[in-house]
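Here's a solo chain for you in structure tokens, the form predicted on its own.
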């Protein structure tokens, strides 16, 4: 029986899980694995070190290899390696969300020119089946909305802040000690990781090209434990939400930022490192997919699934997996965040003076912004008051004008509220 020959770029956490899982399939052979350090100890029983190489080009240029599995992460050198691999006639399986968000359009074009496929089930939500269902089972739907928790690190931090009543800084330190957060957590806590993922997910779901430079991004570093407590009191949870909507004019509003989510909503109950994606379309309605968004074996599950999809078609069809190929010929029209309409939670420290609440209400009224609630709970020793405002739906640029006009107050937090 002929075997499909595999080359793996990267043998970190996910690469190790993929290698271990592929041992269960007799018709697949891992020919070579590129690593940074051949002599590094690895948690893989019976690993034949002759499979390892420090030279990725040795894999890319190996004529025996049918499929390149890229698990290096980042843009460089992954971009050049995948580009060359496609030109050399290799199919690609990748978990690289940043690469797809920044260079997916070009790489998919090269893949089509060389009649090769790029599969990337693991790039958006780890072990959660997502891309294949959208491309196949949900293909008959017009998807117009996505609400998702796509980053386990930030969800862990926000869950711990909420449950334990502690600060962002305290939880981040703990998350780093437990290995849930990197030494440099910027990619996660500032929303880059989720932005890369929602860029590709929106592109696939809407069948329109979404550009990463048009995706609004805001992280969780300014969320306070006080905001968590107030949100709970008001009937909400705070989550980092990746959201995308598209209208009949092809205008796509794609963004990542913290949101107050009603405790009755599905995503409010997604805690710690779990990920979840809520997809709304016609005729299906709303579908929620949830599970492990990262980790050695959950992510390996998606990677190996892609490998097997390619394996099942090799040497049987001249044009394999047509439904999984890129067909995005039209760009979505980006919506600027300032033109969006949202409800807002505003936490204000104001002078404890007669008329201050009336002043806040007047500033909002002058912008035609209605208030859903305004609450003063505490007066501090320095004669300032803690005031919480929830607005009705209004334009982003107007709420920013309101914040600027609250010049004798301190705006501690401005967080959008999900409908």
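Positions refer to the first chain, counted from 1. Nothing here was measured: the structure is a model prediction, and the numbers come from that model.
Note that the form predicted in complex with L-homoserine (HSE) isn't included here; everything after this is about it.
Note on the partner interface in the model of the complex: the residue among 99, 294, 304, 276 having a heavy atom within 4.5 angstroms of L-homoserine (HSE) is 294.
This chain is drawn without L-homoserine (HSE); in the model of the complex, the residue among 193, 162, 253, 227 with a heavy atom within 4.5 Å of it is 193. Segments offered: 149 to 157, 80 to 88, 233 to 241, 164 to 172. Contacting L-homoserine (HSE) in the model of the complex at heavy atom distances within 4.5 Å is 149 to 157. Counting a residue when any of its non-hydrogen atoms is within 4.5 Å of L-homoserine (HSE) in the model of the complex, the hits in 187 to 203 run 188, 193, 197.
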